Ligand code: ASP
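This document opens with one chain alone, in structure tokens, the form predicted on its own.
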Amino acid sequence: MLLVASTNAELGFATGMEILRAGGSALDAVEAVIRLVESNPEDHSVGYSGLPNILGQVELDASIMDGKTRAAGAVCAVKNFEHPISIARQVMERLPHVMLAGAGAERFARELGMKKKNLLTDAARAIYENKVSDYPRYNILRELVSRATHDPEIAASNDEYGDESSGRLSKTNDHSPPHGTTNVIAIDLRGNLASGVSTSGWAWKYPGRVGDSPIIGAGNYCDNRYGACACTGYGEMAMRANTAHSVVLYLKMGMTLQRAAREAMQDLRALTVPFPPGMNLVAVDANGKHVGFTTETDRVVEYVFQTEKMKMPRKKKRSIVPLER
């Protein structure tokens, strides 16, 4: 049995490992760990207290995948519900679909009996108010927020942002604002794998922006036969390179886990982006070996893991694959 995750998921490992040791499924463990991160008000990259989009609205993305069946569920651009990972799992288990977006996902959550919640905490709002001025083209933000507050047509709907704001927000890429995610991979007593990813996405993003986290194959992929991979970082890169699936595909081709993950990271070098990017992944093979990789060269980036024989989780330094050769 095994849990592997981004470091912000460590707070949920005791619960996740308890589920696995009791014979629970990898899917149950993944969901339980991620729910605890989503509820953590100190973590501004996920769920409750996540950093908002450019209009000050918290929009959440998540996905979960069953390695045994390769069934998957995902939601994106969800507002006012704390646990997108649980909505995603119910999409997988109750609907003939893989992904629901925005208002549709929110309607589904209401039908499931999930309660709405204001996700923008005072702490996240303070970061939003103080930091957006760091990005020159976001200076229009305060005017947009004011307009959204006073314009009845915009204020009446969470799903319409207005044509005027759309044009003025079209160039919001001259800096790379904060972004973050939580991801968890589990192997249960029966050897089944599951993987899950949840995020509030790129801070100050254009309304409706969706990253790699809910995209199966980009930020999340899981297959009992070969392994699993989940990504964090600048999601647009993982979407263009299909990074999570690439790792699993390279495993299928016979590469070792180290080589498969390194190859997928090196694939990112061919991509051009308009600002300094970054990408991280964690991956596990069918035998329970695990790795973490990052493109970041200026700081130590770790991941966390725990087996059923370990009393406490441990952190391990990720291998570095610079984007520049």
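What you see is a predicted model, and the numbers here were worked out from it, not measured in a lab. Don't overthink the numbering: it's just position in the shown sequence, from 1.
Beyond what is shown, the protein has a form predicted in complex with this ligand; the following relates to that form.
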| query | finding |
| --- | --- |
| Of 79, 209, 83, 245, the one that lies within 4.5 Å of this ligand in the predicted complex (heavy atoms) | 209 |
| Proximity to this ligand in the predicted complex (heavy atom, within 4.5 Å), stretch among 198-206, 68-76, 96-104, 250-258 | 198-206 |
| Close approach of residue 180 to this ligand in the predicted complex, 4.5 Å, heavy atom | yes |
| This ligand contact in the predicted complex: residue 213, any heavy atom under 4.5 Å | yes |
| Exercise: residue 128 in contact with this ligand in the predicted complex, heavy atom 4.5 Å | no |
| Interface membership of residue 234, this ligand in the predicted complex, 4.5 Å heavy atom rule | yes |
